[in-house]
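Just one chain follows, in the form predicted on its own, and it is written as structure tokens.
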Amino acid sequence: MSSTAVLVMSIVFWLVAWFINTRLSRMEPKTQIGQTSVNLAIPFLFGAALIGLWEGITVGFEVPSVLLPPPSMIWERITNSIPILWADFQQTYLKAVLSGYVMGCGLGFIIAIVVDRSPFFKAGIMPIGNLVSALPIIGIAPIMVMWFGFDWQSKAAVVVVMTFFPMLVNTVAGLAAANSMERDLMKTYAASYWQSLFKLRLPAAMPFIFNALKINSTLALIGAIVAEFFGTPIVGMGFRISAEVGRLNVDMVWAEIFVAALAGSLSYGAIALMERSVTFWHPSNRK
């Protein structure tokens, strides 16, 4: 098939998908299954049309693969490099990201509970938290590599630093979300601090906590990948991206980007589904 034909077909597919999505967005299904199907179909069609247009432009205008490879070339690289991509995924995501994410979010949550009981700590640690959260990754990563070595432990340490303070700040803000009337009601029931915490203040803080968890799910992956640029064994997403860019193997770079985007999207989606089940009472989740 000629490059012109590919370009024309991609434009036609884009227009058809756009027309269908416009119709779908105006539909009002009466059942939950129908609404869920529409909500899934719209982003799927939009993504497919975007990929088709990408393919048509890169092939039709003969864009050099070094600048932007077509999706078909990236997919071929993915299918031919599954063992390498899986090893990089294990090193970066399963080891560094998950361990750092759990430690950073868990520690931020625990410290937030401690800080909430002490106005002195709250006044002292919150400005420091805002300061540290603004530190650039490229400044933290080399220090962590020197402290913890070149393996995944140093990348997990970077993830801990990046996820700790968003969780701390959001949890402290969430614990203050319960209004004075609700707190006074708990006092009239002679509720202790811990009873008030677990039965009122933590449930009220859950939207804030899940907001931090969703933000950290993407920050953790970005932090681990960037940290691998400053020293790592010969495996990992960040190492592979850095090495393959130097060899001008841009299709492999995009393959790693695809894996990272897929992992980050699935993590975010899993947390969002968990949030809907836990905070079903919140106005944002009501029908």
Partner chain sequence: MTKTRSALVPVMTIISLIMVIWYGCVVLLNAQFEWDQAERIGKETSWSQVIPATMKQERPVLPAPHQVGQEIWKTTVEKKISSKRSLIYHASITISATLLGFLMGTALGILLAVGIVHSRVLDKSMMPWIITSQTIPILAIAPMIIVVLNSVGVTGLFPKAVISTYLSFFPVAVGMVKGLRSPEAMHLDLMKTYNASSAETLWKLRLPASVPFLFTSMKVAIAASLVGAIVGELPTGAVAGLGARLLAGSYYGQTVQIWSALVVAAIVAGLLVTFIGIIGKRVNARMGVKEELA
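Since the structure is predicted, the reported quantities are computational estimates derived from the model, not experimental observations. Positions refer to the first chain, counted from 1.
Unshown form predicted together with the partner chain; subsequent notes refer to it.
Peer 1: Kindly indicate whether Phe109, Val114 and Tyr193 are, all three, within 4.5 angstroms of the partner chain in the model of the complex, using heavy atoms.
Peer 2: No, none of Phe109, Val114 and Tyr193 comes within 4.5 Å of the partner chain in the model of the complex.
Peer 1: Please pick, from Ala176, Leu94, Ile138, Leu185, the one residue with any non-hydrogen atom lying within 4.5 angstroms of the partner chain in the model of the complex.
Peer 2: Of Ala176, Leu94, Ile138, Leu185, the residue with a heavy atom within 4.5 Å of the partner chain in the model of the complex is Ile138.
Peer 1: Contact with the partner chain in the model of the complex for Ala134, defined as at least one heavy atom pair within 4.5 Å: yes or no?
Peer 2: Close contact exists here: in the model of the complex, Ala134 approaches the partner chain to within 4.5 Å, heavy atoms only.
Peer 1: Taking the shortest heavy atom distance, is Ser37 within 4.5 Å of the partner chain in the model of the complex?
Peer 2: Ser37: no, not in contact with the partner chain in the model of the complex.
Peer 1: In the model of the complex, is there a heavy atom of the partner chain that lies within 4.5 Å of any heavy atom of Ile125, even though the partner is absent here?
Peer 2: Judged by the heavy-atom cut-off of 4.5 Å, Ile125 is in contact with the partner chain in the model of the complex.
Peer 1: Hey, in the model of the complex, is Thr279 touching the partner chain, heavy atoms inside 4.5 Å?
Peer 2: No, Thr279 is distant from the partner.
Peer 1: Within 4.5 Å, heavy atoms only, one stretch in 142-150, 96-104, 203-211, 72-80 touches the partner chain in the model of the complex. Which?
Peer 2: Correct option: 142-150.
Peer 1: From first to last in sequence, which residues of 263-277 have any non-hydrogen atom within 4.5 angstroms of the partner chain in the model of the complex?
Peer 2: Counting only heavy atoms within 4.5 Å of the partner chain in the model of the complex, the contacting residues of 263-277 are Gly264, Ser265, Tyr268.
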